[in-house]
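One chain follows as structure tokens, the form predicted on its own.
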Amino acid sequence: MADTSRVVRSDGGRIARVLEQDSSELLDAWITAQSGVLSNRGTISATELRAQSREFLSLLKAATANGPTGTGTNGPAWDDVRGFLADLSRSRAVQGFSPSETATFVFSLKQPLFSRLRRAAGSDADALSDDVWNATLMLDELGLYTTEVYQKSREEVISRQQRDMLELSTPVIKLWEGILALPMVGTLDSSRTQVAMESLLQRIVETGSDVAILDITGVPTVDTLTAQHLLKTVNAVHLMGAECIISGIRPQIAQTIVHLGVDLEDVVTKSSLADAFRMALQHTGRAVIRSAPPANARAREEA
């Protein structure tokens, strides 16, 4: 297999001269080529597109003018070009462009650049062949690089959104001074439990709470894995010096836990959140006392 890295950089000088001498004409032709693909995108203005294209051509000219490096577009001479494309790919991923639309920023430069290389080569067919081949390899590498960065950026965005959704689905509520509650709704998995545990422990530190209630009323089923997740959370709360109560233990869940042989003997459990809250108040030295009925209620009773 041929060493394409060496070929890409073997004759960058001629490409650099075309980028220098025909920069204005090349920029206009390239903008036209891009506009045909991005015409339906409203997230980037013509002014912004032109500025990005001009900057890229300037960086590309500097990189190709630095001579052969033997490392393709991965060498130090290409750091600024790759850095620019990385920033552009991330921004377009956020703006909603597709991977192909993002890569088109680079690939659409081929036809305008090839036309000017053909004109510069004149009747020298060998020079034209070498220049077009080198330019093709160069732009292909850079175009694929934009796709790689775009994909990583999208994965980061999706991962961040998933984590945000997990945090929103596991809110830590302050019920009273020193008492927190974490209502769990839906199926519990490792990722969700980890986020819930981190949020709960952080809130315990922030509020100095003595009691944390894990309410699983909204958890449809409890299997061995779910029970293990709950036990890990309880143990983590205990390590923080706080008491942990699990509420929402319905008869079906209690039977399932017994059937699975999960040991919850050292875990305080209650059937409802109200019962757990009452116990938490007692643990903190408080109690709920019924006050005298309001005046209108007494009037109705007397009537």
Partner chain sequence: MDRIPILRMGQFLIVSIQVDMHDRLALTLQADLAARISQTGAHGVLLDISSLEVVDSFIGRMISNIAGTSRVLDAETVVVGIQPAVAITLVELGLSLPGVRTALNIEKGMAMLREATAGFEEADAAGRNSLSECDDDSAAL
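Just so it is clear, the structure is predicted and the values come from calculations on it, not from any experiment. Under this definition, the rigid core comprises the largest set of C-alpha atoms superposing within 1.5 Å between the forms. Positions refer to the first chain, counted from 1.
Not pictured, yet referred to below: the form predicted in complex with the partner chain.
Each of Met197, Val205 and Gly241 is positioned with at least one heavy atom within 4.5 Å of the partner chain in the predicted bound form. Residue contact check for Asn235: one or more of its heavy atoms lie within 4.5 Å of the partner chain in the predicted bound form. In the predicted bound form, the partner chain sits beyond 4.5 Å of every heavy atom of Val172. Taking the partner from the other structure, the partner chain in the predicted bound form has no heavy atom within 4.5 Å of any heavy atom of Glu101.
Asp210 belongs to the set of residues with a heavy atom inside 4.5 Å of the partner chain in the predicted bound form. Checking 114-122, 227-235, 101-109, 128-136 against the partner chain in the predicted bound form, the stretch whose residues place heavy atoms within 4.5 Å of it is 227-235.
Between the options Ala93, Leu201, Ala77, Val219, the residue in contact with the partner chain in the predicted bound form by a heavy atom within 4.5 angstroms is Leu201. Lys232: CA moves 2 Å or more between the shown form and the other one after rigid-core fitting. Glu148 is not among the residues whose C-alpha shifts by 2 Å or more between the shown form and the other one once the rigid core is aligned; its shift stays under 2 Å. Once both forms are fitted on their core, a CA shift of 2 Å or more is seen for Gln202 between the shown form and the other one.
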